[in-house]
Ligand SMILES: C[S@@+](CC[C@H](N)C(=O)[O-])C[C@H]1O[C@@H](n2cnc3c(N)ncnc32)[C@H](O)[C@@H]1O
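Quick heads-up: it's one chain on its own, the form predicted alone, in structure tokens.
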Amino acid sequence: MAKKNRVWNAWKQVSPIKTWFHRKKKVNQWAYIVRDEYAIKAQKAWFRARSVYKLLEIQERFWLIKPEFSVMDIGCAPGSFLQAIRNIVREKIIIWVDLKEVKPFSYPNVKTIVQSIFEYDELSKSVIDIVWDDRFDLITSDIAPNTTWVFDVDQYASVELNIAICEFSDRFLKKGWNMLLKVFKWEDFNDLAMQVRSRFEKFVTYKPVACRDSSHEEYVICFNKIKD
């Protein structure tokens, strides 16, 4: 995987965002404190969650988000991904989707849909009602299932959510463009990998430094959608 990351790093363009991430030392999985350095940084920078630093590192390394991109962010609560995306795309349309109501932003180009990714027909209609050109330049997701604390159950629920997003991308992501997913990676990951391979030319998995060492979450960066 390190080799794959080096290959893609060689291809990436220089990002306008410089976050200067450094690989952290491993700590005991029970030793972390909820208000860790990234939570404190997020609060001081007026970001809604520490997860924004995961996206910023991915952006620095792979330059997925570009000015004037239209973006759909799935599983958006509480909205930190959207804050970072909006800083880059500026006035281009952004749709964010979540099962629950999210505290709104005042940006006129940001539209909210409160629906499940599994409700394909209803969600599709909601998207089409908002945008005339209903295909996006990028789909991002930081989605996670409601955890049961039974790891096998939570891990497969995470895979199922991401497979649903893959199916959604068939209709709503432009050909040749990219997608970012987050998954709890374990034995069932191959089920998701098969779905991604059937739709995209390449993919890599990547774990940002802001992810806690004890977490099994990784990001799947899908490059170049094959079919229109």
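Position 1 is the first residue in the sequence shown; the rest follow in order. Just so it is clear, the model here is predicted, and its values are computed rather than measured.
From this point on, the text means the form predicted together with this ligand, which you will not see here.
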D137: touches this ligand in the predicted bound form, heavy atom cutoff 4.5 angstroms: no
With heavy atoms only and a cut-off of 4.5 Å, decide whether S70 touches this ligand in the predicted bound form. no
Should Q195 be counted as a contact of this ligand in the predicted bound form, where contact means heavy atoms within 4.5 Å? no
Is there a heavy atom of V127 no more than 4.5 Å from a heavy atom of this ligand in the predicted bound form? no
For the three residues C76, S80 and L161, verify that every one has a non-hydrogen atom within 4.5 Å of this ligand in the predicted bound form; reply yes or no. yes
Tell me which of 99-107, 148-156, 127-135, 86-94 has residues with heavy atoms within 4.5 angstroms of this ligand in the predicted bound form? 99-107
Any residue of 38-54 with a heavy atom within 4.5 Å of this ligand in the predicted bound form counts; write them all down in order. A49, S51
